[in-house]
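Single chain ahead, by itself, as structure tokens, in the form predicted on its own.
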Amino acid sequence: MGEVLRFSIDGELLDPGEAFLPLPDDGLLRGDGVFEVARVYGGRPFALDLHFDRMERSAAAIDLVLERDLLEAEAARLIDSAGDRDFLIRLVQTRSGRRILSLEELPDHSATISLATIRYSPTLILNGVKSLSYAANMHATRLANKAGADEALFVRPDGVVLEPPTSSIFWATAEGRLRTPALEAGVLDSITRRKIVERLEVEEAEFQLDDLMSASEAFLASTTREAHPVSRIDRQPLPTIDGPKTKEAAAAFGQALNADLGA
């Protein structure tokens, strides 16, 4: 999470240090709520409608009534207040009905990223839900850091590859086929992932870790990373870093970005 530039709490615009959350609130106390993070390019949000759609699905999955109209109006006002710059907008609604929006600086990402596999059993009732209960995701990153990697990669106990805590993963086989875990495996319906899958030929299935470890190249896809080359997995270097499939995916996402923003 980058430095927060500004908040909107239940429709009130506030600067850092002025924003407070009245207690009790089960969003804070129990992680009971939903959220989204969208990218804003030069003051123009990318695929914000898709983020709100997914937020509605997440809310419905946990029987939370989402105040979408209010959130959309408050997001527009908050984005307008920041001018023509690049940033992230975080959208949160808690079980207590608090609407918390924040503008955040973009995180700094290195040119490539290394991964460490973490065995993980998905919580089936929260599959596909962007809930506030992200403690396992955050701790997985810390475990990966202790193992000498930049980020974690969730792998099911049966050896099926899932995803990193806050992104999707793609890789190319030795024959040049692009692959990514299927949604049915228990991964999030990432919007960046979707934009790439819509524009490229991608094989989606439940793939074993051995398949990924024999890849010629790999990259992560997310709101902040776009297409981020992977350098090694479990200390094993990949044969190619930022190879042709990674570049092809970056170009495909660039096309989606231009189409959405009207550039």
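One rule holds for the numbers: they count along the sequence shown, beginning at 1. Because the structure is a prediction, the values reported are computed rather than measured.
Keep in mind that the form predicted together with a small molecule is missing from the display, and what follows is about it.
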Q | Exercise: P165 in contact with the small molecule in the model of the complex, heavy atom 4.5 Å | A | yes
(Q) Can you tell me if H228 lies within 4.5 angstroms of the small molecule in the model of the complex, counting non-hydrogen atoms only? (A) no
Q) Does the small molecule come within 4.5 Å of any heavy atom of S58 in the model of the complex? A) no
**Q.** Distance check, A218 to the small molecule in the model of the complex, heavy atom within 4.5 Å
**A.** no
Q) Any chance Y41, H109 and S110 all have a heavy atom within 4.5 Å of the small molecule in the model of the complex? A) no
Q: Sort through L188, L132, A182, V155 and report the residue having a heavy atom within 4.5 Å of the small molecule in the model of the complex.
A: L188
Q. Heavy atom within 4.5 Å of the small molecule in the model of the complex: which of T117, S102, S114, T192?
A. T192
Q) So which of 91-99, 156-164, 174-182, 71-79 is the stretch with heavy atoms within 4.5 Å of the small molecule in the model of the complex? A) 156-164
